[in-house]
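Here's a solo chain for you in structure tokens, the form predicted alone.
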């Protein structure tokens, strides 16, 4: 759980397992030079963790560092430092938090400095900011950089040409760069084994997410969901640790279903499920617990969210990493990330989630500094409303900039939205929220 979570928060075995995994990875990263380990920096959407592990490299993800600093209430000062050095207020706050973190000594959550990466691996999946971010890091670290260019799914499907294009880059550019940076020869059988592990963990993750179809839902797939996706979207996909984590999580959720219990939250167990929502967009991290409590206080459970698909979509079209087609599988994974899908596909996903999970409506959290999520959201909202007949609402916050979280404004909008849901249930009132 986050650093702001209080001592009374329930800690299940899966939570403790994940906390241990994260701590161990930061210890590995910050001790890399003493241990003789090379490190790679990469991003969450479309990350090639299984491939990176083939070269005995530790994986460092800049967005995760920004999230950790946001939840620890440290990102605000880092962002202001970056702005004072010339970065615009409109720049992604993950970037500014990372730049500010570097200016303060690049201190990891364990209090030790991060090593300079040995290689920057950019898997470009629908976010132009990633390219500019790595340009800044390349200037800072002067290390090798390799880019995997992933074509945008403009027509909503992966074509053989797109897959072949990505595989060609893996063979001719990415793998040779990682071999050179690490000094380790690529072994495709080793990759197959990691992908086999990934598929096992992905099966259990999907089961957990789909458990929200139960009434009451035993899980919250937005606030709780950010913990559920953590291992599989970051430095642990492909590991035995990830398999064990998702087995533990699934067992806990099975027990909650059998007992007819709702999700566990920082405020305690959700006792009564009054509203079932689908949420589009990332959460706010600097006020994460306060944000979640607003939902808890209203009895609102998020039964599905687009954010839990940002690092890979497994439930919508059944994708799993495939050890029998390792490089092609990596290509399909990158191509299928949520932010690499066109707006009609995103609308289809959200509408389907509302129907399949019997949700009361759609809530969009529009992120001020994240164009890859926020562009087109108003259009998406209207389309989903029209298709499902369920009411939708629109709130605005930011990722890790505390200046853009107005608790009073968000609370007022949520209360108005839940009133609208109540009216809709009674057969009256408008179907849309401003």
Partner chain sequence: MAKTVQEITDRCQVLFDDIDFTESRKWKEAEPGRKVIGYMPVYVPREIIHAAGMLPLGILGGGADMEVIHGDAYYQSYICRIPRSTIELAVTKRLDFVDGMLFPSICDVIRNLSGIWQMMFKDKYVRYFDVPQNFKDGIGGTFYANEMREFREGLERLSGRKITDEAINNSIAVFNENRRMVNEVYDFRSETPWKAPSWEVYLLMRAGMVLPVEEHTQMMQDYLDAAKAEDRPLRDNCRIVLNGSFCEQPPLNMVKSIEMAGCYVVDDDFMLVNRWLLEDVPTSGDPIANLATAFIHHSEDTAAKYEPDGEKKGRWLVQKVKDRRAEGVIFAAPSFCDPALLDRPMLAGRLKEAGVPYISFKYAENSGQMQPIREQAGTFADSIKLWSEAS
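What you see is a predicted model, and the numbers here were worked out from it, not measured in a lab. Residue numbers count along the first chain shown, from 1.
If you look for the form predicted together with its partner chain, you will not find it shown, but the lines that follow are about it.
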Which one, 320, 87, 190, 72, lies within 4.5 Å of its partner chain in the predicted complex by heavy atoms?
-> 87
Which of 165, 186, 227, 141 has a heavy atom within 4.5 Å of its partner chain in the predicted complex?
-> 165
With heavy atoms only and a cut-off of 4.5 Å, decide whether residue 28 touches its partner chain in the predicted complex.
-> no
Heavy atoms within 4.5 Å of its partner chain in the predicted complex: does residue 346 have any?
-> yes
Using 4.5 Å between non-hydrogen atoms, is residue 241 touching its partner chain in the predicted complex?
-> no
Is residue 78 close enough to touch its partner chain in the predicted complex, meaning at least one heavy atom pair within 4.5 Å?
-> no
Do all of 43, 49 and 65 end up near its partner chain in the predicted complex, with near meaning a heavy atom within 4.5 Å?
-> no
Only one of 353 to 361, 110 to 118, 214 to 222, 133 to 141 gets a heavy atom within 4.5 Å of its partner chain in the predicted complex; which is it?
-> 133 to 141
Let me know which residues along 147 to 182 have a heavy atom within 4.5 Å of its partner chain in the predicted complex, or say none if there are none.
-> 147, 149, 151, 152, 154, 155, 159, 161, 162, 165, 168, 169, 172, 173
